[in-house]
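Here's a solo chain for you in structure tokens, the form predicted on its own.
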Amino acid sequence: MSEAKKRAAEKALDYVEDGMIVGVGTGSTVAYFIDALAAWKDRIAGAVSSSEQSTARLLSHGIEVLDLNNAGRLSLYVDGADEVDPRKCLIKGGGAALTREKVIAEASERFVCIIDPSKRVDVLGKFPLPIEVVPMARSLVAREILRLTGGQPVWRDGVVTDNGNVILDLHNLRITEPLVLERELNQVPGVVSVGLFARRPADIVIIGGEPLLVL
């Protein structure tokens, strides 16, 4: 799938314009995008990064990384996804960067999602839904989301987010109403962010492979 990821990432350059500050996500497909964006480093104003991992890769290419508070509203955000449904709603967070990814997506006028064909699904939920949680609330949140959803929460042991929090992965879901579930889970005390991108879905989905598709 690496060639499909690379093709999708390179296609996303079509949406980059001179002088832009580009929002950049996290993950293996985004890594290809960052490598391709290096050719634009003297033409863009910089990037806003969703993770320490992506920041390091951007800096290694000489791309300036800016704070979102100083950058303000962004024209473009490019990121991958763990699953994408026909409405362009997403599950994200496999790389544990969901909160910052969600913040940058919200701050961006256009969200371009780059994926390989395996990430395209009819119904979200086969990939476990990541939920970022305040550490002291881990067990409380696990009990509550089990009650609310019937899904099985599993602590991603040993993983600490860039925000100092933990991840619960929610298994055995079939998410037919992602916006409703996103809102419900966001109301549970101790939940920082939910890896459902339904309130703010992707605007454009680029699916690498043969043929390359843009939805």
Ligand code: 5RP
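Treat the numbers as computed from the prediction; the structure is a model and nothing was measured. In this text, residue numbers run from 1 along the sequence as written.
Another form, the form predicted in complex with the named molecule, is not on view; read the next lines as being about it.
Just one of Ile131, Ile145, Val112, Ala81 comes within 4.5 Å of the named molecule in the model of the complex, counting any heavy atom, and that one is Ala81.
When you look in the model of the complex, the only residue of Ala71, Ala96, Cys89, Leu76 with a non-hydrogen atom within 4.5 Å of the named molecule is Ala96. In the model of the complex, the named molecule sits within 4.5 Å of a heavy atom belonging to Ser28. In the model of the complex, the named molecule lies within 4.5 Å of some heavy atom of Lys5. This chain is displayed without the named molecule, yet in the model of the complex the stretch 28-36 from 61-69, 28-36, 41-49, 178-186 comes within 4.5 Å of it by heavy atoms.
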